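Read the single chain below, which is given as structure tokens and is the form predicted alone.
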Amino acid sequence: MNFDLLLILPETYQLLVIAGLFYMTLAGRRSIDAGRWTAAAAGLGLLVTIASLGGESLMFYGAYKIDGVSQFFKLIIAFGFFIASLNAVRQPTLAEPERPDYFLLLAMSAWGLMLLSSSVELITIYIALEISSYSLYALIPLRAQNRGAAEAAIKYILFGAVATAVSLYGLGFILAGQHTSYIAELAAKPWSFAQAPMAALGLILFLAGFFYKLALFPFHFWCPDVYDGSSNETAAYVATLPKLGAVVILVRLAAMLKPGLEITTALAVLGACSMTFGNLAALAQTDVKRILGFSSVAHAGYVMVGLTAATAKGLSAASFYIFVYVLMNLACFWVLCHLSGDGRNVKLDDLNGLHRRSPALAAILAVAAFSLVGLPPTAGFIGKFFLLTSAWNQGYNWLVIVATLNTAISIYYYLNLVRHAYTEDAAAAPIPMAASPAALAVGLVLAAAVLVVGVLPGPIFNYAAAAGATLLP
């Protein structure tokens, strides 16, 4: 068994962070602020992840692979965990005795996602998926005895249990049809219904668990309700990092497919349905988190555009776009969390007059909204450009057209956020804010990153392209 500790430093360090938080929960170390400790540890973890970049290895009997793809996603996970931890340091709806438990669950979920990034064997993938999921089941209801949070947790658990059962059932079909669970060996197998009907059906069922994480239609029903019911800080995490774990596995599995296969066409159809339903449903929402919930359903459909291309460029575009999605959603949720000083859900009317009350928060929201639409010169624009161009002339031009039309539909509800922030008069009793100068500075850095990646996407996209080329030259 090949083993190199230096190549698995990110997940090893994350496990040490979990051990520290676990000790806090058992020892009752209330004198230590678990939130600030976790944020500092997550910042150091980001540096550790950057230092571990480079090198490749196949470990644990071929089930765990360190390559460009895994390192690219681990870097995004480490960054997202750092921002999510910073965001959750001040959480008004979290009881003080529950703070170590909250950050322990947050760290465990991120650790599971790191494991998922390097898993290249189906059973290992399934176990890593469950590690990342179980923590969220306990994390979502932690919202000051809020009934909506309890309802959101129940829905997330029930839908998650069904998706997990379907995935496990599909795994059995794959093993029975292809007699292996290693992705490298599965890539050489046929995946058409004519040649391997049992395996093809099994792969579709196995992907259901990742469609659920990604909130892809028709596995999206939990998404707006969970965003709505969970705390703003928890929703910021659920809306971003778990989707990275789903996309990295979908990218690895999509490398086995070719345009024209039944499975690839199914991905294209689900992508078209997801972006259309998500955008249309978002038009009728007044709660900002529900808007972002249906928005994530639409963006799951956009990711499918790159996956159905089944080329190195398409897989690279999907990887780059999910990074952009995480970045602009973290910026958007950063505004919601620091706009709502008492932890309540933010409605559209609560944004009224935001440019007068907090010009910095209004500017961050505007940049994030423009990027979510896909307007230049933001990262969202260049991300969609890479997606659409990668899929053109690959047999799914109709999907590119559907994505373009849906981008036009989404302009209304995204720019509606900006309209309320800049053109509407403030309410008589505005929502209390809790935005410190340090919080505003971090938010402005996120907004600046959205713009910088939009103007200079080359370094990150080239890194994603190099990683994608290892899967499908």
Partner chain sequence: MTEAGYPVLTALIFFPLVAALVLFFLRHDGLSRVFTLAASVVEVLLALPLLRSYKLGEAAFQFVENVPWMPDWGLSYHLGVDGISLFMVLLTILILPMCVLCSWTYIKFRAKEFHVCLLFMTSACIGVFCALDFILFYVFWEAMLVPMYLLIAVWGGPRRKYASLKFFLYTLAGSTLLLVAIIAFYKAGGTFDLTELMTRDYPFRFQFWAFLAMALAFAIKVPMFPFHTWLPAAHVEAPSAGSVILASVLIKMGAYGFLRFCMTLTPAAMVYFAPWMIALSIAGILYGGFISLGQSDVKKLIAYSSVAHMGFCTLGIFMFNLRGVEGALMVMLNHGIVTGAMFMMIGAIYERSHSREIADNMGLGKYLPAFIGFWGLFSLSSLGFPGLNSFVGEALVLIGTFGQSWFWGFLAIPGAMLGAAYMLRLLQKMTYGAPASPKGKGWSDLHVREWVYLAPLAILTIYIGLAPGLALKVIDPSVEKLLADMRTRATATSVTAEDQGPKAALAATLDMLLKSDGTNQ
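Positions refer to the first chain, counted from 1. Computed from a prediction, not measured in an experiment: that's the story for all the values here.
Below: the form predicted in complex with its partner chain, not depicted.
For the options A439, V418, A41, I66, the residue carrying a heavy atom within 4.5 angstroms of its partner chain in the predicted complex is V418.
Only one of A196, M256, I131, L388 lies close to its partner chain in the predicted complex, with a heavy atom inside 4.5 Å, and it is L388. Its partner chain is not drawn, but in the predicted complex it has no heavy atom within 4.5 Å of H338. Shown alone here, P457 lies within 4.5 Å of its partner chain in the predicted complex, counting heavy atoms only. In the predicted complex, its partner chain sits beyond 4.5 Å of every heavy atom of W37. Although the partner is absent here, S57 lies well away from its partner chain in the predicted complex, with no heavy atom inside 4.5 Å. The candidate spot formed by R356, I401 and Y422 lies fully in contact with its partner chain in the predicted complex, as each residue has a heavy atom within 4.5 Å of it. Only one of 215 to 223, 237 to 245, 366 to 374, 268 to 276 lies within 4.5 Å of its partner chain in the predicted complex by heavy atoms, and it is 366 to 374.
Residues from 405 to 422 that approach its partner chain in the predicted complex with a non-hydrogen atom closer than or equal to 4.5 Å are L405, T407, A408, I411, Y412, L415, V418, R419, Y422, in the order they occur in the chain.
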